[in-house]
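Take a look at this one chain, the form predicted alone, written out in structure tokens.
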Amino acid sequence: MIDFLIKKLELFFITLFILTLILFWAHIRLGDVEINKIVPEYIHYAGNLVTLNFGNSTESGMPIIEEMKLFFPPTIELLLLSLAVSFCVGIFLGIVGGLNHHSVVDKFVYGFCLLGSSVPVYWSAQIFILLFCIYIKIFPTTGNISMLYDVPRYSGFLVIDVFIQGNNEIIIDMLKHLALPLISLSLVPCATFARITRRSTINLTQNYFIKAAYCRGESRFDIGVHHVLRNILPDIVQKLNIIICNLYSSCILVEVIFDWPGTGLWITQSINNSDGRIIETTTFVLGTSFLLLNITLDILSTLVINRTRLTHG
């Protein structure tokens, strides 16, 4: 396990070094750096990245780290909520479909997996806006809260701050703004979780300990919770890094479509304004975040698999 961790950390620092070289090359292209000062400039540039000194935005003049504090929390909220909803709903549907293989319920789950994985998020988001915002008119189209309400910033995360304030009217307004972006973003990962869980559950039901549980008279709910869920976790954890990376790429599209004040909208505005500093910063922060995420999930996957082997060994 220690050797595995050391190899992962070595890979992380090598990839991070290559990423800083690529961004420094872009920094040279955007700025004016003399050839004989490339090495000192790179050391200064890398030092600023490590100390989170990203400079000021060329468009607004504000420090980039301050703008980042405004735009990153809404994205993190949307990502975590979408991951939690898709994880819970997808695993539930997958287990129900797998335990009722060849039934009507299983066909419904299989159809949902096909449909959810096939529909692009930018299309489903616009369909939801057309149906629920323009025709039925029960949800707002843009933003994460109405401009009529002023929510004090306690934690920086709107969901937490609204619930801390405790105003039911503001909570309902926030949930209405959150509903369509959350559903649009959760559709594809939910179908992915359901497909992985369904396939693993069907394979698992062929084992003798599942058949023995049926013979002992255990209900399908007990079998799903106590026997199936624990044994399909390694398959799910191994796919988490891919699902989360795809989730964030979809989150950028959802934020632009719903005008959600997150990093997707921030990056899009920076590209339109040719703000190279912000593009460099977001590339570095997101690249580093994905590297750390992949390392963490690889370690978690190894621990879960080893624990499962020891349990069944």
Partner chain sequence: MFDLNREAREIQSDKDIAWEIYKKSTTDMIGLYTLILCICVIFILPIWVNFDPLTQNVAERLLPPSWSDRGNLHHFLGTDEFGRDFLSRLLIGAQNTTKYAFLACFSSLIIGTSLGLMSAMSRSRTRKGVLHHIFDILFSIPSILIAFITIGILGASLPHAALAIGVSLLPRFIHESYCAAKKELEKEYVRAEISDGSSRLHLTFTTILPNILSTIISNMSQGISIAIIDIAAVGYLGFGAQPPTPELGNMLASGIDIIYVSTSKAIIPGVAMIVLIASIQLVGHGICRVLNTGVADAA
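Between two forms, the rigid core is the largest collection of C-alphas that superpose within 1.5 Å. Numbering follows the first chain given and starts at 1. Bear in mind that the values here come from a model prediction, so they are computed numbers and not experimental data.
This protein has a second form, the form predicted together with the partner chain, left out of what is shown; the following refers to that one.
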Q: Scan Tyr122, Phe163, Phe221, Tyr214 and let me know which has any heavy atom within 4.5 Å of the partner chain in the model of the complex.
A: Tyr122
(Q) Using a 4.5 Å heavy atom cut-off, which residue among Ser117, Asn100, Asn231, Thr205 comes into contact with the partner chain in the model of the complex? (A) Ser117
Q: Mind telling me which stretch in 37-45, 255-263, 64-72, 50-58 gets its heavy atoms within 4.5 Å of the partner chain in the model of the complex?
A: 255-263
Q: Identify whether the partner chain in the model of the complex is within 4.5 Å of every residue in the set Cys245, Ser249 and Ile271, based on non-hydrogen atoms.
A: yes
Q: Consider Ile136 of the chain shown here, and say whether it contacts the partner chain in the model of the complex, taking contact as heavy atoms within 4.5 Å.
A: no
(Q) Since only the chain is shown here, I'm wondering whether Ser146 would be in contact with the partner chain in the model of the complex (any heavy atom pair within 4.5 Å). (A) no
Q | Contact of Arg195 with the partner chain in the model of the complex (heavy atom, 4.5 Å) | A | yes
**Q.** Asn167: touches the partner chain in the model of the complex, heavy atom cutoff 4.5 angstroms
**A.** no
Q. Can you name the residues of 282-299 that have a heavy atom within 4.5 Å of the partner chain in the model of the complex?
A. Thr283, Leu286, Gly287, Phe290, Leu291, Asn294
**Q.** Exceeds or equals 2 Å, Cα of Phe24 between the shown form and the other one, core fit
**A.** yes
